[in-house]
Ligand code: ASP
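Take a look at this one chain, the form predicted alone, written out in structure tokens.
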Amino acid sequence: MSKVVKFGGSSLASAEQFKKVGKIIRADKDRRFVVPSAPGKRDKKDTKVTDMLYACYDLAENGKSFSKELAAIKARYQEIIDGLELTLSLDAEFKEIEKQFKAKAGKDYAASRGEFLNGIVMANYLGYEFIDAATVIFFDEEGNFDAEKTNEILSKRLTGLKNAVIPGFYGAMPDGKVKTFSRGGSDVTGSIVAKAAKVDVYENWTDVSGFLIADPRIIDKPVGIDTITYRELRELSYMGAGVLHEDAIFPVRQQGIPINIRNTNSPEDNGTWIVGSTCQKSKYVITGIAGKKGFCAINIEKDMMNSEIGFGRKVLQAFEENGISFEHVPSGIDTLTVFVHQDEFMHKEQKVVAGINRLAKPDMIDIEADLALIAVVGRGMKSTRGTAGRIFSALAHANVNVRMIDQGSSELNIIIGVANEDFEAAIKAIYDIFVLTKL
């Protein structure tokens, strides 16, 4: 068996954390390839190295002195190096960073140096080979990830290697310029390496013991999720469950490689397993609850709408023309509602309304703001009767008015729309009926 292990910023914030990580890696010889993030916060008042790099580069970009800020970043790494009792020097690397900052190499280059430097430290600490991600992970001319080229070159590079450290978060454009993934992109790098190395498991180590059924900021000590499918995770991640970068699913999903979310500070915990499919039943009917605030609903009414060919296309064209994507489009015989992000819509609302009137000629348009969407997700819902009824009953008991309900054809999730002010109460009510009460 072989494994790729990715460690998040909180897992590598200090020499003490590095030692925990080293112990975890050395405890299992199957943990062959390591993907580190940049050092995160050592405490709540601390600053992540990535944020320090952004601030430092901003000064350089504006022609201001950044030597003090760069020295502070260097001190962060030196503290780790000294704590690990390594003889490593990063002087040459910081001289190159200073040179590139003065040459205005770009924010992506600046941000990527956190992972790059931590990768060097990690490789030195473990005695593993260091592979610069810019030499094995590629983006195309438009800045899109080039999966085919990356997999071909990275696979060749890893073949025959017993162990290696590949920094997360970045790669290179065709001209060699550094390009990063979005924040949290080290998760994606780990998945890419797992696919290229054809490993058996991708372990993603962070500061929590896997996924929880609901947000702990809303539910006190929510139950953890033992096993979740890629499809369930995709639904929950999209609606705000943020333990894993949502794009990290795709590379390993194609190869059927499971992801195991683990806790660096509690390595004895089994964490959450993310798999393609499973015969294991969830402990509860639902697997998870997640949601977001800040939506608005555009309600469109027109008599005989159902018999007018192309009506839906005409309505959505008005949103497309204004660069607005939609979330959900529930409809009735003479009504159609479009849910969109309020912050994207509010500055263009009159243009969109004019477009709908021009293209679809509706009888009435009504806009409702300050709404929240909640996703109730679970592979067990398909085989359980009365799930929607239980949700409605729980919400009614909590005095929460449902503004919208939408169930996908896969019966994997149910989306509920409520007022922003009812968001927390709705999640508590749903959690209570399915997890605490289990009626």
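A quick note: this is a predicted structure, and the numbers were derived from the prediction, not measured. Note that residue numbering follows the sequence shown and begins at 1.
The discussion below concerns the form predicted together with the named molecule, not included here.
Though the named molecule is absent from this view, in the predicted complex it lies within 4.5 Å of a heavy atom of just one residue from Pro251, Gly119, Gly171, Gly185, which is Gly185. Among Arg390, Arg403, Lys48, Arg32, the residue placing a heavy atom within 4.5 Å of the named molecule in the predicted complex is Lys48. Contact annotation: Ala38 falls within 4.5 Å of the named molecule in the predicted complex, judged by heavy atom distances. Across the options 290 to 298, 177 to 185, 158 to 166, 138 to 146, residues that bring heavy atoms within 4.5 Å of the named molecule in the predicted complex belong to 177 to 185. Contacts with the named molecule in the predicted complex, taken as any heavy atom within 4.5 Å, map to no residue of 319 to 347.
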